[in-house]
Every structure is written in structure tokens, then in C-alpha cells.
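Single chain ahead, written as C-alpha cells, the form predicted alone.
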């Protein structure tokens, strides 16, 4: 058994953006695992740790030598080993000589190019001391970031300038140079102590020595220290703090040695809207609100400072001054906004440009009002939609964008609109609808609570997507600066999860019509045809939603039965998205039945026959008088029975029950293919049999195209 030692790489940098650290550590782990496998070098575990000023890789139990590797050298084709007389050919002899072996030692190996002559060579293991320099350099060079910097003459790029490299294998120093920095045996120290380095004599002492110098480089330890520290600090006062997972994660990667503190602010600020208080504390100042047993905000905040607790009182007072100042600003903005009613704010939207080609925010607001009215008109009365309420929400949903508070705190758009609506004497339903207008603001977030607010939210998102497509702001790959994918997913979620039976194809067309009316200048042909691209975009968002719900790719493909080459009227899947989703669920459930798989195979055969013959139906039904085989009569009779049985069920969208009934066609269809030749010389007979198969395939395609299902 080989001896093992631990290996260590610390990349000391200038302050890293907190949002990049966790993903970079995962990259390091993935790259290391891959490179070790390529070099046949084993270790017991790969550990990655990081702070704002260092990225650390520890290889626990790295073997001293790599595994011996077997390599093959390939030569001419195996058929050239011997000639017809059984003698070795010149090609075989030449290849063996070049490899330094006798021709008798040649082997025959199967490759992607066929059987070749080959020779096996064993490459001995490489010392681990020779591997880390290349391993560490490979890792450093392979890391990618959304943004990079270049700071030295070799023009190497990294997320932030690299200032120190620590590299050890057990007690031995690993020597290499990267970005103008030579590796050594010292780690970066604490910034507040003048950035003095810390000597690391061996890998096993690294974590302890850093901890003794007030450096917790394990993110999980820092996270636990943050939670426990704040728990103990706030508990002393009989309160608890608002545990925001995202903020905890961010602070974990903003600190190297978190120290808790508790501060307070003036009681008068509790009169400010709750969401405003939370936004100032959490978003702007990275502080945690303090709550009582009833979850009411108290005039305290919990925070984390980076470093030891010396001068804690002064640090606390500094935080308190900043909090007081920010809340004073917020109170000033609120007081200023309250002088203008929400309707007055809406008038100011006439001076706010939405887009140079799409007009002002006021014009956008008018489009959303018109689209909201259109959506309400198209919904059944059974949905009990209050059109008047929806219109009022639509009129005021953008008004708070010109408020002083939202200018200072953009995260509060909608929220402050609701607050101003209440102060303006409007109903709670209108205020709540305005607050819900932008929802969902992220994947998995809450949807608008009331149907009227959901409809206005749909209208706003559709207008944004269509407008951006018209002016050419189309998302591509990971580039989506206008968050159209998020808004598209929001539309899909609202329709499906709020059960709103809106025809998205018609709604998109109406949104497009309204956008073109506001378009500056004459619309180009491409702008006039933008709706098609939006339909495909929304269907793509729907497919992503379905996949996240656990449906397979082929199931999603199967329920999209739209074929642009088919002249018969068809329904695009987003026209009735609720119906499409019910079909998908039915197909997913029926697929679990064993007999369904064999039915799919027979269906594919029928579908392929129609495609191979480029069949276009002439008339609706096959003619029973032309049947001359009992199997085709039986199939026709069973098809008519099944069609009659599922007719009402399809109208009622009982798709799972319909598919269960359709499964009964398996046996007669199987018998038909065993006994009946479809493609015969008699044109009338051939046409009649193709028509029979077309009717059967069409019945199934009223739910799904089974030919798209994979085995």
C-alpha cells in the first residue's frame, strides 16, 4: 500500500466578490477531480475552503506515486500482420522494430478504426512531488468567471489580482510561479493586522494556525459561527432575529472571522412600512431585523463585523449612526411622497421614457390597461372576474416608479405602490393587487394572490416580452439583461398554478398590436412578425417548467401535436396551456401501464406508414364497404366504438380516462398489421386503409403524438 500525505494550495487574492466564491470553490473541486483521474493519482478526499481573500484546496491522503499506466501504440491494420504464405509482412516487422520489440510480441486490438496491430507499454507511476505544480497550474488556468481582471505583465486574467500562493505536500514546499507570484510556505494573514503572513510548516497544521490568528476559512464553520453568535446575542434581550438564508450565505462569504453585534435605532422609525425597514436593513446594510415573539419588528438590529471584537462598542455605534441616517432618509422620502396621491404620480409617468422606440412608462401603462381589459373580456363569466378592480390595479401598478422611495430603493416597486394606495384612500383589494403586480419576482416565489392581480401581472409581463422582442432585445443563452425568461416563466406559472384559462396565443397577438400602435416610426416586416417568436419563447418557458416538474423530454414533445406542414386546423400548445398541461399529466400517468408501451410501438408503425406514403386525407372516414379483410373491419368497428366513448370525455378534458379507453385498440390494431397489407396496388383499397390508420392516429393525436415517445 502506498504512503500518503496531504497537499495544500492557497490562492491569496485581493477581496473577492462574495457571489463568486462558492461557485469558484466548486469549480476547483471539479477540475481537481478530473485532473487527478487523468494523471491516475488517487487521494482520499478533496476539500475546498474559501474567504473573501483566499481560495484553498486541500488534497487529503494524496498518494506519493500515481498508478502505473498501460498505454498502447497502434500501427497498421491487423490484416497486414502476415501475408498469404504465413510470413510476417514488412509493415508488421517495421512497426515492431520502431517500438523496440520483436514482431512476435505484437497484439491485435479492436479500435474505432477497426482491428489494428498494437504494442502495450507500461508507464511507471510519477512522484506526487512532480505532479502538484502541474496540477495546481492546470487548476489556476482553467477557472472561469463572469468578470475577469488583468493586472500584471504576463496578462494572466483572474477574478481579482493574486497576491500570494501557498503550496505544500506534507512538509515539502511545492515550487511554481503563476501571474508573477512565486509559491511559498506562507499564508495571507488578517488584513486588520497589516496583512502579516502566517508561516505554515506542514499541511496538517494549516487550519489550526489560521484559526489561532482569527481566520475561519471553512465556510460551513463561518456560517455556523454567524448563526450561533447571533442567536446568543439576541436571545439575551428576549428576542429573535430574522434568519434570511440568502443574507446569511452572503455574509458568510463577506467575512473571514465573523463577530456578532447588536445595535438599536429610534423607536419612531417603526412607523415606517415594514417592508421598507426590512429592505434598508437587509438589502442596503446587510443587517438582520430583530423581532419579538409575535414577529413584530423591534428597534434593534443584529449584525456581523469581520474580525476580533476589539473596539466593539465603537463599531456598534458606527453601525447605529448609519442605520439612523438611512432611516431618516427613508422617512423624508416617505413624507415627500405622501404629498402626492398615487393618481398624481401616474401622471408623472408621461415624462419617464420606457424605451426610445416604445414610448413612455405612461404609454406602457395604457397598453397594460387595454390588454388587461382584453384578457378579462375573454375569460368566462364563471371565473367571477372583477373587471373594474383589474382595470384600477392596471392603471396604478406603475405609478410608484416615480416615488422618491422607489427611486432610492428600487426593490420596493409595487410594495410602496400598495402603501400609497392605502394612504390615497383606495380599497385594500387595489392596494394588495398593486403590491402583487410584479410577482413572481424569482423562481419559486409567491404568485399574485387574487385573480385580478394575476391578470394584470400577466398583461404587464406580456407587454414587456412582446415589446422587447419587437425592438430586438431577445434573450440568448445566458444573456438576458431584461429578465424576459423570468417574466416568461412567471406567465406560465400564473396561468397553470392560478388555473387561469387564457389563450396565450391570442393574448400575445393583442399585446403585439398594442405595442405596434406605440412604436415610433413604421414597423419593419420583422417587427410585424414578432408574435411567432414570442409564441415559441413562451412554449420554451413552458417546456422548462414541465421538466422542472418531473416530466420527461419525450412526453413534452408528444403533447405538442402542432405540425406547421399539416393543412388541417390545429391548436398550438400555448393556446390553451391548461389543456396542454392536463394532456401531459394524463400521458405521464398512462405510460406506467405495461400494455401502453406495446401500443406505442404499433402506433409508431401506423404513423410511419402514413409518413412514408405522404398521406393527405381525402374525406373524413374510411368506407366499410371497401373492407375485404376481417381484421380491418374489426379495427374499424373498434375505432368507432372508442371514438364514441371518448368523444364527451375529450370535450370535458378527461384525458387520462380517454387514454385508458384508447388502449383497448391495441389488440385489433396488432391483428390488423399481422393480417392486412396496407400498401397494395389497388388504389381505392390502399386509400381506404390509409384513411383508417389516419383516423386512428388522429384520435390519439387529439391528446398526444405517441410516435415521439422513446422506448
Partner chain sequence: MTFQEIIATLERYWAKQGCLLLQPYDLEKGAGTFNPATFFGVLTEKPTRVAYVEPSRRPTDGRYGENPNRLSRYYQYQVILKPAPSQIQTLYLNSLKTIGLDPKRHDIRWIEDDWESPTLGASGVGWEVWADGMEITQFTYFQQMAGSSLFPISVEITYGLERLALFSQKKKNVYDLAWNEYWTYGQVHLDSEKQFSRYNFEEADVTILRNHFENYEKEAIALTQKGLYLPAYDLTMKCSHAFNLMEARGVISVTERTEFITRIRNLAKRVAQTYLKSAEKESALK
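We call the rigid core whatever largest set of C-alpha positions still superposes within 1.5 Å between the two forms. Just so you know, these numbers come straight off a predicted model, no measurement behind them. Numbering follows the first chain given and starts at 1.
Keep in mind the form predicted together with the partner chain is missing from the figure; the text below concerns it.
Trainee: Counting any non-hydrogen atom inside 4.5 Å, which residue from 216, 304, 556, 609 sits next to the partner chain in the predicted complex?
Mentor: Selected option: 304.
Trainee: If you check 228, 388, 478, 353 against the partner chain in the predicted complex, which one has a heavy atom within 4.5 Å?
Mentor: It is 353.
Trainee: If contact means any heavy atom within 4.5 Å, which of 518-526, 82-90, 307-315, 504-512 contacts the partner chain in the predicted complex?
Mentor: Result for this chain: 307-315.
Trainee: Would residue 332 show up as a contact with the partner chain in the predicted complex if we use heavy atoms at 4.5 Å?
Mentor: Contact check for residue 332: yes, within 4.5 Å of the partner chain in the predicted complex.
Trainee: Taking the partner chain as it sits in the predicted complex, is residue 76 near enough to touch it, meaning that at least one heavy atom pair lies within 4.5 angstroms?
Mentor: Residue-level check for residue 76: no, no contact with the partner chain.
Trainee: With the cut-off set at 4.5 Å between non-hydrogen atoms, does residue 191 touch the partner chain in the predicted complex?
Mentor: Although the partner chain is absent here, residue 191 would touch it in the predicted complex, with heavy atoms inside 4.5 Å.
Trainee: Does the 4.5 Å heavy atom contact test between residue 237 and the partner chain in the predicted complex come out positive?
Mentor: Outside the cut-off, so no.
Trainee: Within 4.5 Å of the partner chain in the predicted complex, do we find a heavy atom from each of 20, 152 and 159?
Mentor: Contact check passed for all of 20, 152 and 159.
Trainee: Hey, which residues along 235-261 are within 4.5 angstroms of the partner chain in the predicted complex, non-hydrogen atoms only?
Mentor: The stretch 235-261, when checked against the partner chain in the predicted complex, contributes 254, 255 at the 4.5 Å heavy-atom cut-off.
Trainee: Do you see a C-alpha shift of 2 Å or more at residue 699 between the shown form and the other one, with the core held fixed?
Mentor: No; that C-alpha moves by less than 2 Å between the shown form and the other one.
Trainee: For residue 536, is the C-alpha shift between the shown form and the other one 2 Å or more after core superposition?
Mentor: The answer is no, as the C-alpha of residue 536 shifts between the shown form and the other one by less than 2 Å after core alignment.
Trainee: Could you check, with the core superposed, whether the Cα atom of residue 666 shifts 2 Å or more between the shown form and the other one?
Mentor: It does not, since the residue 666 C-alpha is displaced less than 2 Å between the shown form and the other one after the core fit.
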